[in-house]
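Only one chain comes next, encoded as structure tokens, the form predicted alone.
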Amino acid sequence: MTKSGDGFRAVFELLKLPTDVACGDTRIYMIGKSKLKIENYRSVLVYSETMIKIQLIHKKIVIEGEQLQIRYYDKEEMEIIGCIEVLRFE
């Protein structure tokens, strides 16, 4: 059984454990229009004051706005601040 397989998810659902965390899925939290927290990302692809593009596990996310900054990051999570105007997946 692979970590991303259906059987793995079924076991976690049966035990009532959060499958998104257990399977390493990306979690995205947005607080208003000024803060975005991303958990379980792969890498930063583009970083400027008006656009940040992040490689997630299965997709890319593009954040557009003004005065964007990566406030902090580590290998598990990051927080982006600024005036967030657009959030889209590629």
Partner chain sequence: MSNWDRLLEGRVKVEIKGHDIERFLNISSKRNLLIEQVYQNQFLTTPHDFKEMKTVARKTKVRLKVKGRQGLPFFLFQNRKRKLLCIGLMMFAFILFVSSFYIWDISFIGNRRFTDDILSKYLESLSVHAGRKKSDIKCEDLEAEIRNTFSEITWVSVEIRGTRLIVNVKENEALTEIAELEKSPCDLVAGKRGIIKEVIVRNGFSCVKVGDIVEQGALLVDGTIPILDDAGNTVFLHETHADAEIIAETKHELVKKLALSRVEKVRTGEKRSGLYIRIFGYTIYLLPPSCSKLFWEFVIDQSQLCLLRNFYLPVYWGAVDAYEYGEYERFYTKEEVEKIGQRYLQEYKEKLSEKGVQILGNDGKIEGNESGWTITETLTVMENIAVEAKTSGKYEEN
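All values reported here derive from a predicted model rather than from experimental measurement. Positions refer to the first chain, counted from 1.
Although not depicted, the form predicted together with the partner chain is the subject of the following passage.
Engineer: Looking at 42, 37, 33, 60, which has any heavy atom no more than 4.5 Å from the partner chain in the model of the complex?
Structural biologist: None of the other options qualify; the answer is 42.
Engineer: Going by a heavy atom distance of 4.5 Å, is residue 10 a contact of the partner chain in the model of the complex?
Structural biologist: Close contact is absent here: in the model of the complex, residue 10 is far from the partner chain, nothing within 4.5 Å, heavy atoms only.
Engineer: Looking at the partner chain in the model of the complex, which residues in 59 to 90 have at least one heavy atom within 4.5 Å of it?
Structural biologist: If the 4.5 Å heavy-atom criterion is applied to the partner chain in the model of the complex, 59 to 90 yields 67, 68, 69, 70, 71, 72, 73, 74, 75.
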